[in-house]
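Just one chain is shown here, as structure tokens, and it is the form predicted alone.
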Amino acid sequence: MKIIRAKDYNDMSRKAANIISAQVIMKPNAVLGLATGGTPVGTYRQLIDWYNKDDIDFSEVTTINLDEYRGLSGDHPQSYLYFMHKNFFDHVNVPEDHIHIPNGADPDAGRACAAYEEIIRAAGGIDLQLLGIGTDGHIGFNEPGQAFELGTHCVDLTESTILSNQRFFADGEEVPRQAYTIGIKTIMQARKVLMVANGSNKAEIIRRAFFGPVTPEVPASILQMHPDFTLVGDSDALALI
């Protein structure tokens, strides 16, 4: 495990983007596992800036996103596919047919999850997986208490997650209750894992996840066992370690 301390959010974003950029430069046809949420947005902005300066080329890259809400089509403004296009894909040259995200519009969970695992297998596995971390230690939609050996699967969202998401939907009844997510097993099979964390609200879970016991109650703690894991955090997120 490698920990990189950044001064602030912008410094964290730049340091994380450096690692992703190096991966693409070393392997132009790299398979990148990508994440949504507020924390990675700055990393995507930095990569876009370097792309616009011709410092990085994504034309051979394949992307595999962590998760998607079940029941939302890709054109829904709250879908993760929409988020990724808005914050990254629309600004760089990743080929459209190289972009992969779980099919939230498929109501058959078994079929959707099996198809996604096959996409990952056919791509040769994930070279570098980007992650954030929830304040309870979840990664992707892998909530506390879930088994470490799961591949891509359907999860019931916790009540706290549903309540948190209500602000994004005009009608509370529209808030998805389930999601398709890459599992811990699949994340751990990535050749490299890169986590970004910022803010004082992440300090306690960072301490628990990476300086406490490995337990399903803190899903991110399993990353202590990964052979090539890097955490990039700002000074607030790393304040307790």
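Numbering starts at 1 and follows the sequence shown. Fair warning: this is a prediction, and the values are worked out from it, not measured in the lab.
Only in words, not in the display: the form predicted in complex with a small molecule, which the text now covers.
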Decide yes or no: are Thr39, His138 and Lys202 jointly within 4.5 Å of the small molecule in the predicted complex, with each residue judged by its heavy atoms?
yes
Find the only residue in Arg167, Arg121, Arg111, Lys86 having a heavy atom within 4.5 Å of the small molecule in the predicted complex.
Arg167
Under a 4.5 Å heavy atom criterion, is Gly104 part of the interface with the small molecule in the predicted complex?
no
Taking 4.5 angstroms as the heavy atom distance cut-off, pick the stretch from 92 to 100, 148 to 156, 70 to 78, 125 to 133 that is near the small molecule in the predicted complex.
125 to 133
